[in-house]
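Just one chain is shown here, as structure tokens, and it is the form predicted alone.
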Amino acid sequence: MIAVIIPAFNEEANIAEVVKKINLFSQEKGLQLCPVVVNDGSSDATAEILEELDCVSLHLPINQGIGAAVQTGLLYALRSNCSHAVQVDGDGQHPIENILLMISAMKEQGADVVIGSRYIENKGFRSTFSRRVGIKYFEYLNYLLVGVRITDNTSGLRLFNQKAIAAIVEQYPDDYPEPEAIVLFKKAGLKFIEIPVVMHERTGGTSSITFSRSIYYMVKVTLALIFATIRKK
């Protein structure tokens, strides 16, 4: 079984459609995909909507950030002995068919983690200009710190095998985890790769990351990356 981890904070406009698409795709392709929605303390109707959907719903009592939500989903995957876990956004940006591409790439290249990147082929929705600047910044910062260049550091589309889940679940970064997780993968001795994917623009609702939060994000994650690099294994 593959756990499809979906962090959700105030995603009442999108979450039902995301879960339904995963279940439909699972049936059409004969896959064992299990949507695992982690409701990160939503204040809208997300929790109520989840009760009507065919999915595993896990509820955090307060909003703790995407990292805590992903970690909760990884813990579920580990304890449920899932063969893989794939992280997708709850806003509809990640087409479910990308999962097949990621599984194929993982098998072909013997990877432990596969990251879907918008910037290898530069197709589809590639975020706003300000966020692209931030993504490029983290690409170079990670390269400077650990010698690894990932073109889409902030991608929330990631596939993990059992080895990767077990290696990172206890230390998974909180809040805004994606760039810092690259350091974690490296220090854990995991093989991680990127593949080109196409993403869509958010289908409904609004992003929780405003301009001011973007600045806060860059400062906080920069410090987190530096400390993660010098911290002992």
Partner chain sequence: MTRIQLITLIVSFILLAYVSRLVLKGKLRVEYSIFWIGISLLLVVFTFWTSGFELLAKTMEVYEAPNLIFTVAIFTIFIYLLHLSIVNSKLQQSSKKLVQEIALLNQKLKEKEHDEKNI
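Positions refer to the first chain, counted from 1. Because the structure is predicted, anything quoted here is derived from the model rather than measured.
Another form, the form predicted in complex with the partner chain, is not on view; read the next lines as being about it.
K.L.:
Taking the partner as it appears in the predicted complex, which of 160-168, 22-30, 58-66, 191-199 has residues with heavy atoms within 4.5 Å of the partner chain?
P.N.:
Stretch 58-66 is the one.
K.L.:
Taking the partner chain as it sits in the predicted complex, is D174 in contact with it (heavy atom to heavy atom, 4.5 Å or less)?
P.N.:
Because a heavy atom of D174 falls inside 4.5 Å of the partner chain in the predicted complex, the answer is yes.
K.L.:
Is there a heavy atom of A13 no more than 4.5 Å from a heavy atom of the partner chain in the predicted complex?
P.N.:
No, no contact at 4.5 Å.
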